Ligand code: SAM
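Just one chain follows, in the form predicted alone, and it is written as structure tokens.
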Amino acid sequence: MMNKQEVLSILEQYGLSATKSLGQNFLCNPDVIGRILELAEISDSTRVLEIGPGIGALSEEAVSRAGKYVAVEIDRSFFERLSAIIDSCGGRVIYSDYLQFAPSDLDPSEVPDVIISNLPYYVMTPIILKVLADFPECRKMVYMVEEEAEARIFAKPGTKQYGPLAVLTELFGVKKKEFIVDRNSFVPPPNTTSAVITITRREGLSWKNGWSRFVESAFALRRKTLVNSLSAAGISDKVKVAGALREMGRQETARAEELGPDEFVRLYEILTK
């Protein structure tokens, strides 16, 4: 597993460097790599999707352990390096921005049950929300995120950080902050510490395709009431939203930040039944 000297050697060998605009920082701590792979619980029956492999700190080991391995990478400058460690082991790389990636680009045998990623801060929220919509049957997700940003994942109702990310990840599964990763575990070192988190799918989960749009619409006009937000998004008319809130024991003036995840499910069910 890669250490700092190996990362620097790979960058020199392939003429690579971190692109700041893509939030690239290359993991170079073998202990952290090992712990992430252990959390991912990869075996020869596991189908792995890695988002943003970079130079392959996790990929090199993950592809050798997994039954199926696919990576989605936005930066084509890593082509030669990733081909050497992934294609040769039976995995494959799709060169695309994950936010433009279509799940139909995968063969049925490649649909992941484990997803791993070191997520840049600026795309953390849209990528996680897209993963939930794309792969609701996924068994486990292991993400590295900036420690400050992970507060948005674990936020509670009534707080400024609370939003679609907190609601939808809570509906999907059990969330856990596993451990902290210091900035010296990367080349180049980022400005902040990072955290590794896991999201494990709830047993018996019946994910509804409409949840994501519904919750995001509820928060789209954050200062407005749910009556106004949901009607403006075309989810339902004001009279029906107001009636649904009353049925739930909520005031018609309720805002999205006041509702817990289970209440969003209840509201969705009332308005779509």
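A residue's number is simply how far along the shown sequence it sits, counting from 1. Since we're looking at a predicted model, the values are computed, not measured.
This protein has a second form, the form predicted together with ligand SAM, left out of what is shown; the following refers to that one.
Chemist: With the cut-off set at 4.5 Å between non-hydrogen atoms, does Glu73 touch ligand SAM in the predicted complex?
Modeler: So Glu73 counts as contacting ligand SAM.
Chemist: Indicate whether Val241 is a 4.5 Å heavy atom neighbour of ligand SAM in the predicted complex.
Modeler: Contact check for Val241: no, nothing within 4.5 Å of ligand SAM in the predicted complex.
Chemist: Could you confirm whether Phe26 comes within 4.5 Å of ligand SAM in the predicted complex, counting heavy atoms only?
Modeler: Result yes; Phe26 sits at the interface with ligand SAM in the predicted complex.
Chemist: With the partner left out of view, is Ala57 within 4.5 angstroms of ligand SAM in the predicted complex by any non-hydrogen atom?
Modeler: Yes.
Chemist: So which of Asp87, Glu110, Glu178, Asp97 gets a non-hydrogen atom within 4.5 Å of ligand SAM in the predicted complex?
Modeler: For this set of options, the contacting one is Asp97.
Chemist: Give me the residue from Ile115, Ile199, Val123, Val196 that has a heavy atom within 4.5 Å of ligand SAM in the predicted complex.
Modeler: Here the answer is residue option Val123.
Chemist: Mind telling me which stretch in 206-214, 219-227, 44-52, 243-251 gets its heavy atoms within 4.5 Å of ligand SAM in the predicted complex?
Modeler: Only one stretch qualifies here: 44-52.
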